[in-house]
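Take a look at the structure tokens below, where one protein chain is shown in two forms, each on its own, as structure 1 and structure 2.
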Structure 1
């Protein structure tokens, strides 16, 4: 393991590999080094999958046998609820328990990736030099389908790199909290007192995705009210009504002082056991994989649609149709087969 355990890179965002020109990359070696916990190898693999490099498929194939072990925690909430602080506190607690941890900070409003954000620099100071933590900022703006595209691939890298837990943190804006929940085994929804979050949560459909509610900044005025609001909103929802169903706990934390964080992890553990016992965990993993395959298949079809327009083969086929040698349907079949 290298002394710099952080996959964070500061400075300008990474250009897609294509623009830098091809360099020889030994994928099996890179995967072997990532599995040994080498941060640079992990960072490089994430860049390869995130930039949709020509090696993407080779990387995915090499990672596959080493995946399926990591527990994925989704963390979402409105700006200002203390997501970064909570992530830092959770990482600290997980490290204290000897777990290897990955963090993917997804910023749906940012076109930049690679860890140039202020938040990472702050966290970096906290975990600098710890070889058991990988932190990576990911942009989702500009990516087809936002989180859906690159994040699952980055998750696979961290999974194969031996992370016991991967935290996926995203700002709860627009659809991102639903997307993060679709990636996670367990979704933590953070709220803070005095922000009307209890009511907003119900509106935004956050109740449907939360496995654990965390009322952070619980030392502030209004914390009791926020907890009560959430429980009331929960009582109205039907999702967790059945016997044997998981009832999302509403917890209090002051993440800046590490208060309540162990309790959060205890509930995460309880949820994990419930996932396994109920079969819901297997169902979520299968659904996640299905969505991933579907997204890749659809992207492939869209790419072929782009190739159809203006393809060189088209002109030759058009000539055959004009001559009555073939019909447009057989020509279209041959066009698609040729792409």
Structure 2
């Protein structure tokens, strides 16, 4: 392994600390090796994040000075539109331009076993052996919004490891799973002909979060109608209609043949320049940090709430509510104050 890149071969996940037994982890050394491009170190850091290791706070503190440099591209869309194929084509084009690339591909978890196929790793074997690419499949583990709960911190790992661009590919999302837009600098919404009315595929929020529309599989019948529907929907107004606002382009691709991919990257570059010139990029990153802090705080609160479940204090408050001595809102306020 050379220190100037990352490898796609991530190896087996690290045994989570606190679940399969503790073992010593030298976090500063692990971060240093990840910054040198050592794939095993990057994979191990992401495993610590996914497993909610007791070392997670130390990992976050060690990564913080080295983050904030990577460009984050989110890819979302309904199942079957070709997200993995498009991701593979984008990686190929970015590597041809000399960029170091990370990919976080989220796969849905089984509601029965909790497992995930992690098929994106299988579909992206074109990049196996490329030291400038790191691909990590992540199970959603029941988290809604199209991402895994650990995606933001895993993104920080790849950022600190020197990736110029990180592609975040969501699970096949519906019309309300839009979390990727709060994580990415530029969000690509993929639509394919033959999957129903183009507006139906992009309504209820999806239309609003797109920075770039990609009509993939554009060699199929119905591509012209899909493009026309999307452009008509844009003409109806929305957040992109204001003065100086970014108007998402509607592009055609056939990702399986690398057709149209260079145009997509050109528009991504144009959007990045607009983000910098308008100040929207700084606003998005600040909002992203605020959401991350809020999520961590809420997780801590839920953990502490779990400690009071079944406690004498909660039982006493419940008794007062039943007796009519107080109401649930005041009882909840008192419980929160006790935390």
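All values reported here derive from a predicted model rather than from experimental measurement. Heads up, when I say rigid core I mean the largest set of C-alphas that superpose within 1.5 Å between the two forms. Numbering follows the first chain given and starts at 1.
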{"query": "Structure that is the form predicted alone (1 or 2)", "finding": "2"}
{"query": "Rotation (degrees) of the smaller of two rigid parts between structure 1 and structure 2, from C-alpha fits", "finding": "49"}
{"query": "Core-fitted comparison between structure 1 and structure 2 - CA shift at residue 326, Å", "finding": "20.1"}
